[in-house]
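First comes one chain, alone, set out as structure tokens in the form predicted on its own.
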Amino acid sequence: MSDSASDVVIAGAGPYGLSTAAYLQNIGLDVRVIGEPMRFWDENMPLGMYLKSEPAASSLGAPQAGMRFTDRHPGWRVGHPIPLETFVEYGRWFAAEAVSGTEDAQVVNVEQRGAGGYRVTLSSGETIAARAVVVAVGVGPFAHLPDQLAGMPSWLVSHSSAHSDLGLFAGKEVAVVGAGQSALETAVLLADAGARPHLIARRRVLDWNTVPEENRPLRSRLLEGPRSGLGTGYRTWVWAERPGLVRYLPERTRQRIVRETLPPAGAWWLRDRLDERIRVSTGRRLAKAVEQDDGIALTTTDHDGRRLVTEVEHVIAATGFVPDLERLALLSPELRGRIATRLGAPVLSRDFEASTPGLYFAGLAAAYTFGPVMRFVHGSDFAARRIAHHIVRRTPRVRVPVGRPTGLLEPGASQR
């Protein structure tokens, strides 16, 4: 296919990609959104899952009013977890209402074009000449496996994000490695599906979040701090609601904030479901894994160095996601080599722009720059506003659609 042209190509149609598209299209730019809306959430999250975030922290970003999760579901209240399918439906409704079209394809290659712009190749074979590219691929490419499990065959070891239907493990012994919400919920859902799960965690004691209060007394609000998209607390409010400030902190401080904010813990509503059906081994560190004829043997050690061998048929690593630019195969090797990185993540400007002008990263890849909120849906509005504001300033022509509000806000301004 011959080249086509566009102001912006957005790689990904999850919360960050859709939010950025909503802002950019609202100001009249020609935007191509590549990806099926909410595909990763629909195909890589387990059936029966609930979101850990509260309703007010589960909204995509848009300049138009009426696009929040609580606008779509006005009856949803604090303390009522959101089922996965409800959130996926909300995201697809958002795409239909706030975004002028998405394309069910994939970006397979992005390369720079001479002095300015990018050449984007799609899985369909089409190539697009774009002034700017927004990489909003979500967490999928960054699924992390511990070194002890890396390289093992997929029929023995998988990441928690690889499964939608856990029913395929019915009747099997399955080890789940991890102590966060993903690990705890995966273990519970495996038990619900008829598997025999064994949860293995480094933490000596599993942590659980407390039940949120919708109307907290004044004393509680003063002592504990305000509620934000990441929870309760004064510093947490800053990380959640003012992520632009995080970028100015020392690098070591930013790393610590990303690592320690919202440490591994289970949602309050999951606690009673982690029952006798699930074997739990805490305080155990994974030492090695050995393939066997009928499964895999895991060797773990406790804090005193005592070893224990656990034999199972499969291991699911619920061990999170770690941004690493080298795992983004959609970026050409030459382009990846030009992007400045720290700890594997791109170094970004205050507008989410990488060191190669016109290339932007939204979502988890921006967490080391803007803090922990970029790991969650709640950060999508801030990222989308900043990126849109910067792109429109460098675009020589803007065609504001008749009958639609411009809605573009200065960075840091209040949307609502």
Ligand SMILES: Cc1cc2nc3c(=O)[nH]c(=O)nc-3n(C[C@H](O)[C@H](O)[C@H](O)COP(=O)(O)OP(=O)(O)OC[C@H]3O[C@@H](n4cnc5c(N)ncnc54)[C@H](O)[C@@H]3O)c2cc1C
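Note that residue numbering begins at 1 and tracks the sequence as displayed. A quick note: this is a predicted structure, and the numbers were derived from the prediction, not measured.
Not pictured, yet referred to below: the form predicted together with the named molecule.
Although the partner is absent from this view, Gly363 contacts the named molecule in the predicted complex, with a non-hydrogen atom inside 4.5 angstroms. Residue contact with the named molecule in the predicted complex: Ser53 places a heavy atom within 4.5 Å of it. The named molecule is not drawn, but in the predicted complex it has a heavy atom within 4.5 Å of Gly35. By the criterion of a heavy atom within 4.5 Å, Ala105 is counted among the residues contacting the named molecule in the predicted complex. Only one of Ala345, Val157, Val312, Val139 lies close to the named molecule in the predicted complex, with a heavy atom inside 4.5 Å, and it is Val139. For the residues Ile27, Met67, Met45, Ala354, the 4.5 Å heavy atom test against the named molecule in the predicted complex is passed only by Met45.
Picking from 280-288, 205-213, 249-257, 131-139 the stretch near the named molecule in the predicted complex, with a 4.5 Å limit on heavy atoms, gives 131-139. Interface residues of 162-195, taken as those with a heavy atom within 4.5 Å of the named molecule in the predicted complex (partner not displayed), are limited to Ser182.
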